[in-house]
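First, one chain by itself in structure tokens, the form predicted on its own.
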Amino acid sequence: MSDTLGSIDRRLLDEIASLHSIPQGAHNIRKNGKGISRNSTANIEITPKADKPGIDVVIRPGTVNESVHIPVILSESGLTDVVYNTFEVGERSDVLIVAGCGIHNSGLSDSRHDGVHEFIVRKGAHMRYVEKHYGEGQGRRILNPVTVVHIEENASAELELVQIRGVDSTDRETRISLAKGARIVITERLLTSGDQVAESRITIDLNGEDSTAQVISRSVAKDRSQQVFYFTLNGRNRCRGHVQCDSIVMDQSHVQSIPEVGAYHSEAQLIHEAAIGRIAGEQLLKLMSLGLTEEEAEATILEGFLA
């Protein structure tokens, strides 16, 4: 691994991208507001933007079984980093894009990263996008991601949006537009503790005939933390959309799930389901009967819930 990365940097990369070394394929690694390693391949071109911080990633049509890693790490206290990344996923391609941000803040000032990612998934293509956020240290860690995805005719995308732990404040915005026969599956997992606050806004416009959307959101709120989820489904054609939001509340935490479902076509089928509650006592008792302590049983249940 590059000499520009220390032990803290390596740990952050492992948490958010499962990277133990700089990958050989297409990648762009950003540290403390600067790019430190970038590599394009024959099918995936990564170039820096000329007018603002960020990159353009162009994936050639027909590219399959390839991946792009674009992690961001912050290890300086008091740093605010903003980045704008644009991705074009070529027709008939099938790729994995791994992003995420890890912050280590050992100082007294806030450390913050705002990432704006826009994706264009061309006709017949498939994209899997994984974004993980993680924070550690005594200082405040702030992460505000914006994800915008345009999915063209008969294309599809899978989004895995994960907040592992250690993020003091987050305002997440996800906007999706779907053309004819397009499909989106979003899996969101979020954990807060202490006095952390999190807001997540997911808006999906099902514009095309026979477009489909599925959202599965799971969260755990501990201590005095607060979470608010806003889900908006707009069915503007014959389409199907389903949102499922499940949250576990513990201690003095607070969780809200606020749906908005709009059918603008007579054949739009839209469903929102939400369940918020505590860990079931019978689950704890069952695991404790197998020899686990109450704390171990609780940890096992939460780990399985967020898996």
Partner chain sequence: MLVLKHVSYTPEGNGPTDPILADANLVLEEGRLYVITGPNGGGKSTLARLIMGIYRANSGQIILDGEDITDLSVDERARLGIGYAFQQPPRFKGLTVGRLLRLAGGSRLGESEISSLLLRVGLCPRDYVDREIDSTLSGGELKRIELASILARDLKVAVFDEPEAGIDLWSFRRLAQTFGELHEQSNATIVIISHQERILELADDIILVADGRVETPRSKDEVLAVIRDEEACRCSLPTEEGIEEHVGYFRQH
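Numbering follows the first chain given and starts at 1. Small disclaimer: the values here were computed from a predicted structure and weren't measured.
Separately, the form predicted in complex with its partner chain exists; it is not shown, and the next lines address it.
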Non-hydrogen atom contact Lys286 with its partner chain in the predicted complex at 4.5 angstroms: yes
So in the predicted complex, is its partner chain close enough to Gly6 to count as touching (4.5 Å, heavy atoms)? no
Just checking whether Glu282 would be counted as a contact of its partner chain in the predicted complex - the rule being heavy atoms within 4.5 angstroms. yes
Verify the contact flag for Leu19: yes if a non-hydrogen atom of it lies within 4.5 Å of a non-hydrogen atom of its partner chain in the predicted complex, no if not. no
Let me test this: is every residue among Asp56, Thr63 and Val116 within 4.5 Å of its partner chain in the predicted complex, going by heavy atom positions? no
Would you mind checking 222-256 for residues with a heavy atom within 4.5 Å of its partner chain in the predicted complex? Asp246
